[in-house]
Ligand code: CP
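Quick setup: one chain, the form predicted on its own, written in structure tokens, and binding and motion questions come after.
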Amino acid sequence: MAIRHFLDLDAIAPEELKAILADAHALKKQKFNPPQIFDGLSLAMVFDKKSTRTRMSFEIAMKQLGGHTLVMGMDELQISGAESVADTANVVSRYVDAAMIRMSDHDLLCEFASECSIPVINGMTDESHPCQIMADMLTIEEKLGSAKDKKIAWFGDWNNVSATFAQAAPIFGFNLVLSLPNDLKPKTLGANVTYEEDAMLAAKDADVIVTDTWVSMGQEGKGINKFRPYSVTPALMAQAEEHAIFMHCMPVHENEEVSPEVLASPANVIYDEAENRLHAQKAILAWCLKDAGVSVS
């Protein structure tokens, strides 16, 4: 029986991802009366980077639904020392029912998962951020209905979040426009993904305007001047549809990737987006733990 790892969106069947979103909606409706579907189950959470939303959302998700959590830094695991990846994975698999790992090295995460006999969830790597995009899809569905045929415009850097949006575009049927410096344009755009260097043209008639920090953790000292034309301002938002929403996975840097006026506008849904990490995480965990007898309905 295949282990239900949650590592990359394009490695999971579209119907499975859509079912996870349906469960996330259902679990959010039970926010104040959460079902104890994780009773007796444990989740290990391992971090090599600082975290607010990933740490809180996974820990609260597990505990609200009756489970237990163990939190460790990457430097506390022997995987970063003398022990092999296989040995660490096999030992962790004997102690807990699932593991969520937030680390830089995507290949190491995948290697670890391949050696585990329990589900492994990608809490974020430098290449991919699938849990964030599931929360974003949940937010879009809440605010705009189905993401299908919507135009989502991304501004700023090419990073793990934009790369995962590109994975999600053909899965959920939306059209993604990337607007970023030409030297950062990915070599392959993929299905439902286009590139527009001019930010104002990219924003035209968009249903969703989305951006992220220009300097991710580990990139301190990186120059940001070339990103200035891609700042989300009221003028840029005015190019989008009247109902358009503004999204950002946070942390936010005002007057860099977004202006304070946009953050103060009704279009801003970043706190709904942040809350939805919690409900998306519940559903992802439930999907991963299905073989342990977990069911949302």
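Numbering starts at 1 and follows the sequence shown. What you are looking at is a predicted structure, and each value in this text was computed from that prediction instead of being measured.
Beyond the structure shown, there is the form predicted together with this ligand, which is absent from this document and is the topic of what follows.
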Worksheet item: Could you tell me if residue 53 has a non-hydrogen atom within 4.5 Å of this ligand in the model of the complex?
Response: yes
Worksheet item: With a 4.5 Å heavy atom cut-off, would you call residue 249 a contact of this ligand in the model of the complex?
Response: yes
Worksheet item: With a 4.5 Å heavy atom cut-off, would you call residue 139 a contact of this ligand in the model of the complex?
Response: no
Practice prompt. State yes or no: in the model of the complex, is some non-hydrogen atom of residue 279 no more than 4.5 angstroms from a non-hydrogen atom of this ligand?
Written response: no
Discussion item. Please pick out the stretch from 260-268, 64-72, 44-52, 225-233 that is in contact with this ligand in the model of the complex, where contact means heavy atoms within 4.5 Å.
Written reply: 44-52
Worksheet item: So which bits of 158-177 sit within 4.5 Å of this ligand in the model of the complex, heavy atoms only?
Response: none
